[in-house]
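Shown next as structure tokens: one chain only, the form predicted on its own.
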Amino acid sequence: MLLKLAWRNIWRNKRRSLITLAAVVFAAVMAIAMRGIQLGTYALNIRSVVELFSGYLQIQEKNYLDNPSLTSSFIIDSKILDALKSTKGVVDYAPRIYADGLISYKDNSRGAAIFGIEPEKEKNVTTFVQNINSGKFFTSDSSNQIVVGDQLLKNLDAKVGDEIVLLAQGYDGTLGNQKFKIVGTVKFGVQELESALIFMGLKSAQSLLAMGSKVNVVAIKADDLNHLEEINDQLSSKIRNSNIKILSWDKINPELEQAIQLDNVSGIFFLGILIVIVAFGILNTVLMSVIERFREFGVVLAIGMPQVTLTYLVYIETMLITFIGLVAGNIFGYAINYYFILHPIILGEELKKLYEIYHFLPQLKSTLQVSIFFNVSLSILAISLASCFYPAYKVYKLEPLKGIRHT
């Protein structure tokens, strides 16, 4: 009976109810669309950055993150290989060596960051191999060929095809030196990075640095960002090595994680303001509706209806309007987010250049994460119910005689 009565009361003043309904729909659509674009763009840029070089996860020696040196290395044994191959969600992996060295060409010498990689493996894990600016990328991990940063080549006053000498302190403390041939250059858009990068084959780096079969890092590509915690747990349980740590992208790239968190807080704050504004609109509608019916409430109270029942009636009316608005808002929000998944917003030239500097894709893309619809709907429902507390309280405190005399 209360549900039927509440439904009829809602449509007694159709204009006011439709305005309130429109406000709920608008808030739900805006919140879902904005949150979808925000989280979708985060995921897009995270994938862009981690697939450029770092990988979704990394296997490291336990002290490597705090002390990235050659001594913080490990051997990829059969247990690690079996874990990588048998874990669901792992697309591929790429072993690496990181070291510092000195590159010399004629009278020019520069400090360099050496990266020993397996090029065929890296193609399946990262995209930096595609950032060739001139020449080509080497195909063998044991050749004497290297690829250097575009700015480093200019600083050396060398060109593709020239031979250089590379010096570096090895794992055992000895100084290794070897001749290599520059076969290509890479360009990332960050001059500081391009002025120090050297890529060489993994086996060549192990020979130069007296590493044997040790590596510093194994970069891992996952099938989905949302599966990283599950993949991490599976790998940890299978490897069971106290000297090995498995880190996700946010631990490897803390600056990116902090930037996303900062932007995320501002987005949530804006959505909070939007929902609070809608709450005041609902409060005004419910309060006016209650005050207009004080005389009716006084009559039903006088003939014996409990005040708690009238309070329930006010809440049911609010829930009905909010529920209808949320259903419509979720449908429209889903359609908008789906559209922006198929047709991302492409940024203009100035923003495009800024995004590309940080290796972000210059576009805004949405997502259909269930948590977005659930959280937005729950927030609007909660704030709607909270906003009708005061009108419900006035009904609860209403005396039958005062209600009948109300004009």
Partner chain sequence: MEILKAENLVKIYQDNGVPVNALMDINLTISKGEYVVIAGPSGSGKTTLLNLLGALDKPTKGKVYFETENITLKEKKELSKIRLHKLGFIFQAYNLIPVLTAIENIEFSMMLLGIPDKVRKEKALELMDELGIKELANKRPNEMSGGQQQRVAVARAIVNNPSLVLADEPTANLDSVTAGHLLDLMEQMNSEKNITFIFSSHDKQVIDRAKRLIILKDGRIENQ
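Residue numbers count along the first chain shown, from 1. All values derive from a computational prediction rather than experimental measurement.
What comes next is about the form predicted in complex with its partner chain, which does not appear here.
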Seminar exercise, completed: Contact with its partner chain in the predicted complex, heavy atom within 4.5 Å, among Q145, Q307, S73, Q234 goes to Q307
Problem set entry | Contact residue in the predicted complex, from L225, I268, L81, A302 (heavy atom within 4.5 Å of its partner chain) | A302
Exercise. So in the predicted complex, does D162 come within 4.5 Å of its partner chain, heavy atom to heavy atom?
Worked result: no
For this session: Verify the contact flag for R295: yes if a non-hydrogen atom of it lies within 4.5 Å of a non-hydrogen atom of its partner chain in the predicted complex, no if not.
Result: yes
Problem set entry | Non-hydrogen atom contact F389 with its partner chain in the predicted complex at 4.5 angstroms | no
